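As structure tokens, one chain now follows by itself in the form predicted alone.
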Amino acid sequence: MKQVDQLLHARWIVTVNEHNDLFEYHTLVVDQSKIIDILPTELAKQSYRAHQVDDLGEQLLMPGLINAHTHLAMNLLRGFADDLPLMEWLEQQIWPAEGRWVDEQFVADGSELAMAELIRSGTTCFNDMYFFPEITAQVAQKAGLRASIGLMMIDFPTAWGSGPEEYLQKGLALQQKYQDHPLIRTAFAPHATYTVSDVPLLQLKQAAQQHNSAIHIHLHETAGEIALHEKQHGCRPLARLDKLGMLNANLQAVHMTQLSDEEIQQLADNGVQVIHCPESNLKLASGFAPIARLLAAGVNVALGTDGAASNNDLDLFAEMRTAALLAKGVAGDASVVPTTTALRMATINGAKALGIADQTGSLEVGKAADVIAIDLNTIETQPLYDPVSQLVYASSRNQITHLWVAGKQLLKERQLTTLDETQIIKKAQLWQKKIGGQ
């Protein structure tokens, strides 16, 4: 019998591999942080001896979810400015609040609160865009999560820097620091085409090419954004990025609610990654991304929650359901975005968008053991005819029992193992009193 680190026995294993294989009464074999085998449980018991054995009974194992667009520290502004359109929300509420409150401690406490929520929600990897990214990276290391840390860029001064030159220099320094880290990578993160001018965008393009890094940007989020951009630049935002030579597989285009057929084909032809945030777009009345048309054109579409100030949660299980239902309504076709597609959008498609599909996003031999366990043996998910259908349409994040990243357990029986839940809640309540003036 071969000695390994872990054996995870479960009723179901949803692999999200190329064939969407679903195994029953199988075991995931983990050694040195990677999956080395998936085989029937009885055969696994005869073939392997493990330091840690988890017999999960009737539970289901699946890849950890990948939240492809977040502003984690904004968890401290959850519910702060609800029910407003995007630009009013940003300009009159969020930006003034950030100008007053955002500093290293805000980002540290907000990111820790968010990462605790991510773990309890089944997310093993996130793609962030916010100020003080070095702090977010430090908290991610403490939590044990896999992360893509956005190196923020915006034209005007903020608490993090005086302007584009300083943002770029700080970003390059952080990129170098984490270039060999096993769990943390970086991406250049210009806020949007309406807040970043051509010169900084070209500098980021050059830096991204030099370091083979992604560029993560809000794009085509609202009709108002498009109209303003046409007035100021004489073209739509996507056309401007095309002129700058920025349309390629390393571009992560977030939101994309306003797209023509020609633009969809342009995205497909250039391999641009689209990150869909359906619940945030609905809450801000930003529009409906044409997901069925994007997928039909061959565009890779991943899922993000956006920040908790505009969602108001980091729940990718809810996001999967909303994405599937909304796509059907927009397309007028109940067959678009079936359950397997929705699940792929929250897992392997996110890994593809972040450039890490060779490491995570599905349960396959050779990939990292980024795994979650979910209990479907509940009132809310019975009877069970199709496990994937239950995951997308009926289950909730509260049914997640365990979570591992690279084989390290971050959640055990719904309890955090790397973060202190009591202290996190106390810090959040102190910020509420401070920001709320109570």
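A residue's number is simply how far along the shown sequence it sits, counting from 1. Because the structure is predicted, anything quoted here is derived from the model rather than measured.
Same protein, other form: the form predicted in complex with another copy of the chain, not shown, and the subject of what follows.
S.K.: Pick from 241-249, 336-344, 165-173, 228-236: which stretch has a heavy atom within 4.5 Å of another copy of the chain in the model of the complex?
M.R.: That would be 336-344.
S.K.: Scan V365, V199, A268, A285 and let me know which has any heavy atom within 4.5 Å of another copy of the chain in the model of the complex.
M.R.: When another copy of the chain is considered in the model of the complex, the option within 4.5 Å is A285.
S.K.: Considering another copy of the chain in the model of the complex, which of D83, E91, D180, E262 comes within 4.5 Å of it through any heavy atom?
M.R.: Contact check passes for D83.
S.K.: Would E380 count as touching another copy of the chain in the model of the complex under a 4.5 Å heavy atom rule?
M.R.: Yes, contact at 4.5 Å.
S.K.: Please determine whether A223 contacts another copy of the chain in the model of the complex, using a 4.5 Å cut-off between heavy atoms.
M.R.: No - in the model of the complex, heavy atoms of A223 and another copy of the chain never come within 4.5 Å of each other.
S.K.: Contact between L22 and another copy of the chain in the model of the complex at 4.5 Å, heavy atoms?
M.R.: Contact check for L22: no, nothing within 4.5 Å of another copy of the chain in the model of the complex.
S.K.: Is S33 close enough to touch another copy of the chain in the model of the complex, meaning at least one heavy atom pair within 4.5 Å?
M.R.: Contact check for S33: no, nothing within 4.5 Å of another copy of the chain in the model of the complex.
S.K.: Even though the chain is shown alone, can you say which residues of 314-333 have a heavy atom within 4.5 Å of another copy of the chain in the model of the complex?
M.R.: Counting only heavy atoms within 4.5 Å of another copy of the chain in the model of the complex, the contacting residues of 314-333 are R321, L325, L326, K328, G329, V330, G332, D333.
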